[in-house]
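Okay, so here's just one chain, in structure tokens, the form predicted alone.
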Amino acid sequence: MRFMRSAIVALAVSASAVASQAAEVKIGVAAALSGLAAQYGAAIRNGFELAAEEINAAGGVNGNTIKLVIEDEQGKKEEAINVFKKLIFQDKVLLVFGPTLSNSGAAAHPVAQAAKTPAFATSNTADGITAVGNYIFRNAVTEADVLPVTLKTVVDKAGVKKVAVLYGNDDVFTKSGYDNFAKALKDQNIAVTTTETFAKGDVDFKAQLTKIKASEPDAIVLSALQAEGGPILVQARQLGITQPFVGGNGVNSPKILELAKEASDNLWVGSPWSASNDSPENTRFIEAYKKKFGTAPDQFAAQTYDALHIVAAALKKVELTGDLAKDRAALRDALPDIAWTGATGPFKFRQALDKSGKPAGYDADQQPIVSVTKDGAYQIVK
């Protein structure tokens, strides 16, 4: 009897020790859950929540539970800075994901770099994002990598020789997209018939589209976010413009199909992720996402889903000490070596350089898939 009581006590002490060792690993998420960029923020949050649920259901990370601390940065630079400060200094998270837009990332990431806290961008594709420093990561493939491939595919498959260009000139992402399109057009010796611009919040694009139609291009290069991209496609088709559109990842979303409906046909986009990719990892992700949220995922949900799994893989190599500064540095050191195959396909990091050519943060090293919309769906171009 005494032996049994001793055994019970020993088991209780052992269980208590295990429980005391387990902890919550707080991960910050700065996402645009309101404002114009909320069109992306909702899917971004969903991707993180699905990944966290899966990781925790499988035992967490080394027995520790992932806890997401999610804040709304409203798609605004000032709010992104404030949210980063809150997550880093008040909530004391181990890492911060986000923010949603590239111009917000350019403003907020220096906060993380100065605080020696890893920041991980999942939707920032503009140039220079990771040039801030060695604590800045992203798994969003840059427009500089994707757009030339997309453009060349359209040229090869659709016989495009001259294009018109339409882009948002007041946003870091859409301006960077334009810059990369312009370089690719020059490198590939594709003539530009006219270049037109618009601003975020515009709703009438008929004047620009009328000029584009008159210039008789073979295709229209478009650097836009969803809110403007959908109406542009609708108004273009209303004006009798039937040429293909070539877009960046801002219009790689089922939301564009909802906004533009049949007018969305013949839109060419490039991205590591495609809803039509039938790999086992992507098929599982899409099915799980639809089951949990009742809607189809987009590129941004896929990238956040993979991003949290990448961080979890790095955390498994880290022995957390409870010293936040040391743990943040250890996670930063572990991340660059992580390779992962997920919804967006095989992934690894590559070293980025700062403006002086010195090593800085880490970009995504992935190959894009080019898709074209037809009959309300994205179809991979073979």
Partner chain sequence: MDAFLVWFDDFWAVYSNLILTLGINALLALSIWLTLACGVLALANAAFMGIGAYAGALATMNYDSPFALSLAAAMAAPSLVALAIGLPVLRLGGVYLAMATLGFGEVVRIVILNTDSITGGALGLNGIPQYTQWWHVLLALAIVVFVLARLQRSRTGRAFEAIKVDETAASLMGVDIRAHKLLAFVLGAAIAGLAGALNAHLTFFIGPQEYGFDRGVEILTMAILGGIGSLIGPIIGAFFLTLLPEVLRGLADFRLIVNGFILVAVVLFLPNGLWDPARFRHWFGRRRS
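We call the rigid core whatever largest set of C-alpha positions still superposes within 1.5 Å between the two forms. Numbering follows the first chain given and starts at 1. As the structure is a computational prediction, the values presented were derived from the model and not from experiment.
Beyond the structure shown, there is the form predicted together with its partner chain, which is absent from this document and is the topic of what follows.
- Pick from 218, 265, 202, 179: which has a non-hydrogen atom within 4.5 Å of its partner chain in the predicted bound form? None of the others qualify; the residue that does is 179.
- Item | Residue among 81, 144, 155, 239 with a heavy atom within 4.5 Å of its partner chain in the predicted bound form | Checked against the cut-off, the match is 81.
- Item | Options 309 to 317, 333 to 341, 346 to 354, 65 to 73; stretch whose heavy atom lies within 4.5 Å of its partner chain in the predicted bound form | Correct option: 65 to 73.
- Query: Looking in the predicted bound form, any heavy atom of residue 292 within 4.5 Å of its partner chain?
  - Reply: Because no heavy atom of residue 292 falls inside 4.5 Å of its partner chain in the predicted bound form, the answer is no.
- Task: Flag residue 56 as yes or no: does it have a non-hydrogen atom within 4.5 angstroms of any non-hydrogen atom of its partner chain in the predicted bound form?
- Result: Contact with its partner chain, no.
- Task: Spell out, yes or no, whether the shortest heavy atom distance between residue 170 and its partner chain in the predicted bound form is within 4.5 Å.
- Result: Yes.
- Query: At the 4.5 Å heavy atom threshold, is residue 136 in contact with its partner chain in the predicted bound form?
  - Reply: No, residue 136 is distant from the partner.
- Any chance all of 86, 106 and 110 sit within 4.5 Å of its partner chain in the predicted bound form, going by non-hydrogen atoms? Per the other structure, all of 86, 106 and 110 touch its partner chain.
- Message: Suppose contact means any heavy atom within 4.5 Å; which members of 32 to 47 contact its partner chain in the predicted bound form?
- Response: Contacts from 32 to 47: 34, 45.
- Kindly check if the Cα atom of residue 167 is displaced 2 angstroms or more between the shown form and the other one relative to the superposed rigid core. Moves: yes, 2 Å or greater.
- Core-aligned C-alpha movement of residue 200 between the shown form and the other one, 2 Å or more: Yes; that C-alpha moves by at least 2 Å between the shown form and the other one.
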